[in-house]
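We begin with a single chain expressed as structure tokens, specifically the form predicted alone.
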């Protein structure tokens, strides 16, 4: 799905935050991305999302080498990669329905098809009673479920999540993890950044750990 080869990332006038990071994400896999604050987790996710270009190294996505790919072709690849942020990044003046529908409207799908898809997905995440609610009226867990629905409405092959349970209570975090597991069972490749040891102990998957700019793969015996 995505292959990183000796990726390096340095911000202007700063130290290199990622050093010779190599990674091969297989289709249908589920990985945690861990590391201390400032280790580069969000930077690595942005590179995987194709929204940030590394300072050096090669990135291959769905068989396409980004070094030789025309820039106007990158959005076609990015639409196959969903992203969920810790702060949700919902549009407050739009309803829950319209937030989730936005990626499909950008693709210029027919409104009747959008209606069917959005209603089905919002029912799946347990928000069938909140179609026309505004995001600011929802709880933190409900807002994250809206964000997940928006991220997967276009049926991405890969879903990236940056600390999606960081601001949630344990019960709500478990509910969200069940949603991620269901998506993974349906073939979505998932990388979930988290620092929650409790979450990783309860839902056991391989870990990708960033330390001092280096990435190491940790395969847990329970998995």
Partner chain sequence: MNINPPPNPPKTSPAASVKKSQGRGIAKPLPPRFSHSSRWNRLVSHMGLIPFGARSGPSFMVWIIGGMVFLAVLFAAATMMIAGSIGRWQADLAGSATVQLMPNIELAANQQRELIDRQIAEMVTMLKQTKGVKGVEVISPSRNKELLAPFLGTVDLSELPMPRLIGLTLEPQLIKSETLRQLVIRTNPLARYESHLDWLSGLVHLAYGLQILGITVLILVFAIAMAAVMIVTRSNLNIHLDIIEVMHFMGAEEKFIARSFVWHSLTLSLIGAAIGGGLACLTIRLLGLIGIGGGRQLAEGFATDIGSSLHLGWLAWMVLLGLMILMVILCTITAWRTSITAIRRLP
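Numbering follows the first chain given and starts at 1. Computed from a prediction, not measured in an experiment: that's the story for all the values here.
Another form, the form predicted in complex with the partner chain, is not on view; read the next lines as being about it.
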For the chain seen here without its partner, which of 181-189, 165-173, 34-42, 194-202 has a heavy atom within 4.5 Å of the partner chain in the predicted complex?
181-189
Exercise: residue 54 in contact with the partner chain in the predicted complex, heavy atom 4.5 Å:
no
Looking at the partner-bound form in the predicted complex, is residue 128 within 4.5 Å of the partner chain by any heavy atom?
yes
Indicate whether the partner chain has at least one heavy atom within 4.5 Å of a heavy atom of residue 135 in the predicted complex.
no
Residue 218 near the partner chain in the predicted complex, any heavy atom under 4.5 Å?
no
Is it true that 3, 16 and 65, all three, sit within 4.5 Å of the partner chain in the predicted complex, judged by heavy atoms?
no
Which residues within 82-99 place at least one heavy atom within 4.5 Å of the partner chain in the predicted complex?
85, 89, 91, 93, 94, 97, 98
